[in-house]
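A lone chain, given as structure tokens: the form predicted alone.
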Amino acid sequence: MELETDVLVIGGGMAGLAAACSAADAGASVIVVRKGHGATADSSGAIDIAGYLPGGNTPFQSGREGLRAITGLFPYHPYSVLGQESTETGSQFEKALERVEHSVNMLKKWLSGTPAETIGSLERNISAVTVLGTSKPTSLLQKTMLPPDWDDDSILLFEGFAGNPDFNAVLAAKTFMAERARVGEPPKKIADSELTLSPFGKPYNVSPVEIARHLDHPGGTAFLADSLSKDVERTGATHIALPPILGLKTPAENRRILEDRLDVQVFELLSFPPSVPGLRLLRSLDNTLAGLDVRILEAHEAMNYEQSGNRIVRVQCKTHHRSLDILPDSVILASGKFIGGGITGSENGLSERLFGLPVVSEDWTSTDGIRPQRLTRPISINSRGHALFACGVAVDMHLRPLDGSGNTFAENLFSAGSVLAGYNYPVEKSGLGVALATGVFAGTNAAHALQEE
């Protein structure tokens, strides 16, 4: 079986979905192939543009500040690559800022009116509250996760659920109280509580997804409000912090019902992946693609390719039940790094799985022959991170992968997301930001390449 398309996107995470949306917006026909739901569904659902400088402990005040620092210090970072179009002195940051800001605006447009509708900008990082009671800088949050403005009279209640192992309300309240006391900011009154909500009958291993699905059913949120009312009355709470459980389909409406019935402000905490907001983000982008007539081939893995001259002319995909050949005019590689299987490692070094592209380190030197273990540190959690996570595919200023000689591998092949080299997303807190920005840019480039032919 053969399918023809203008743009083939390999990978269904943030980078792949952003690339597909961007290319479709530009008028191209698009097919997305993905093995599973992508790492985006396993994320916290927050869009980090730039949280920290590698090795630093002080968060950036804004995405703009982070972009300026990163493009000034790390010439091989994907954000720096986005700023390489102009050769004018000092313009790299401005071009990168322009492209990242464009990608943010596009994402907010695609998610408008969806369950994952997003708020935020590059002008100021949001200090999101996590399920641990700590704060984390991020540029974009889903609206139900935005912390409110507190005053001295505010009373914040951390509400947990019996049988949910992902959130300890007592620990979160203590940690948050200590942080507020340290910085001398409200709220100064903090309480914790736990209620029992067993939507599927069992009082143990109650997952946030189960609670979220329950709240999407008629009457589910009203029942939760009735259960919460006693804790609100007992503590005098003016605000309630919940783990991210406000629903997969109607989180904004579910929050409104709670706030109207309880006369308090409600918001969701940022949690460990996988998370309900991550699923909301993925499903919302999938629905956006459906509205753009993009075809998503689930459970399809790109296994091989055919190249003619300097162009990819065929990509062979397989499922458990069939195989098919896709004949694209342009290809976008957004297969991820280790989670998505885009990069593999062995005692002979790292390699890109599909096209056999060379993998380079953070400073764009070859990893050929380097055992992956040599790119890690003895201490697992380190502010400098592990060099292994910064390895990936080297690209030119158009995000086209380079071969071992530094030449363009194929004129119609582009790449985006964590398969790229040059950035250490666990310590930078830049993972979904880089995926978004490079995805939008790669999708635009792939569509424009068709127009130039």
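Note that the structure is predicted; figures quoted are calculated from it, not measured. One rule holds for the numbers: they count along the sequence shown, beginning at 1.
A second form of this protein, the form predicted together with a small molecule, is not displayed here; the remarks below concern that form.
S.K.: Would you say all of His239, Leu248 and Asn254 touch the small molecule in the predicted bound form, counting a heavy atom within 4.5 Å as a touch?
M.R.: Per the other structure, none of His239, Leu248 and Asn254 touch the small molecule.
S.K.: Given that the small molecule is left out here, which of Ala390, Leu413, Ala46, Ile70 has a heavy atom within 4.5 Å of it in the predicted bound form?
M.R.: Going through each option in turn, the one that passes is Ala46.
S.K.: Could you work out which of Val30, Val33, Leu399, Ala421 is the residue within 4.5 angstroms of the small molecule in the predicted bound form, going by heavy atoms?
M.R.: By the 4.5 Å criterion, the partner-contacting residue is Val33.
S.K.: Heavy atoms within 4.5 Å of the small molecule in the predicted bound form: which stretch among 150 to 158, 378 to 386, 338 to 346, 184 to 192?
M.R.: Selected range: 338 to 346.
S.K.: Quick check on Ala15: any heavy atom within 4.5 Å of the small molecule in the predicted bound form?
M.R.: Contact check for Ala15: yes, within 4.5 Å of the small molecule in the predicted bound form.
S.K.: Might Tyr425 be said to contact the small molecule in the predicted bound form, defining contact as any heavy atom within 4.5 Å?
M.R.: The answer is yes: Tyr425 has a heavy atom within 4.5 Å of the small molecule.
S.K.: Looking in the predicted bound form, any heavy atom of Ala39 within 4.5 Å of the small molecule?
M.R.: Answer yes; at least one heavy atom of Ala39 falls within 4.5 Å of the small molecule in the predicted bound form.
S.K.: Do Ala334 and the small molecule come within 4.5 Å of each other in the predicted bound form, heavy atoms counted?
M.R.: It does: once the small molecule is placed as it appears in the predicted bound form, Ala334 has a heavy atom within 4.5 Å of it.
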